[in-house]
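Below you'll find only one chain, the form predicted alone, shown as structure tokens.
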């Protein structure tokens, strides 16, 4: 459904303004979609557990600055990037350990990390913008070329989907998010799974920081990483990931990011006030969550009255096509 909405929006904007379907706008659209897609994929790991990582937005701001500092210290750009990703992984590991071992809710844990990381960035940079470290091929591959960011985003989506749907680790993520107690009794190492998800989320956030740093060509310590993080959460939720845990989809998050990118780019082209995008985004999140909750009610057989009827109707609409296909196969 969300894919069909995205196609409909693209057709609408193309008909309204030929500039939307132009080749020159393709690279602009990709710059909207790529960071949201990677953030959405990063958040799917933790959202499926019923957790959230707010700090990934500030990891995004911190990571390119770390590369600059490490490069200035003599490590070289490639080594600086590798060390920075390791530091991002450590940040995610700390978030996971505090959440799992100390029992602090992930919302509070990562909220504290947000302010700590923001303070580190502002203190270390003295609030002054700097240029990213490295030029030439490295810069082009890591975001400098017009389409490198979206290529990275699509590659990460494929790898994330494979990890999520084709590995034992992905199965354990969904199981833990659905029923943590039952998963632990079945032998799943719940704490390890959660910590690794926070690590992956943080590493992806740091990687987006490289891409946007080289694409923009300037690093601003005052960048509000929380905005992009919330866009990623929105993409994941709109794409079908449940905030309550137990269900997540990397492909859905990617499609959700494309829809949000199309909306943002389309609104800019046709001259609609940027504030309208925030309104549409808020309504889209509410609509997606209502749909998710109703589908959960239908699956569990709960719900009564108007709400129960709505849930059953949605489930019939969702399964109607699959039921027809099964009947056709039986008939053949």
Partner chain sequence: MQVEGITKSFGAVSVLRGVDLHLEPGEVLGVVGANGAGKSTLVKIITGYLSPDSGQMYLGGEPVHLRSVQDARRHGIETVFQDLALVDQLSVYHNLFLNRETTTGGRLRFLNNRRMRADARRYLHNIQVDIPSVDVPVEKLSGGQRQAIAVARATRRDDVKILLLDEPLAAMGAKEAKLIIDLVQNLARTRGVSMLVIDHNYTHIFELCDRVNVVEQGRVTLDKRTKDTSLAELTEFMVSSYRQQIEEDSA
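Positions refer to the first chain, counted from 1. Here the structure is a predicted model, which is why all the values come from computation and not from measurement.
Omitted here: the form predicted together with the partner chain. The next part is about that form.
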Using a 4.5 Å heavy atom cut-off, which stretch among 102-110, 227-235, 251-259, 163-171 contacts the partner chain in the model of the complex? 163-171
Check each of 243, 120, 188, 83 and return the one that places a heavy atom within 4.5 angstroms of the partner chain in the model of the complex. 188
Please tell me which of 158, 79, 182, 128 lies within 4.5 Å of the partner chain in the model of the complex, judged by heavy atoms. 182
Residue contact check: residue 175 to the partner chain in the model of the complex, 4.5 Å heavy atom: yes
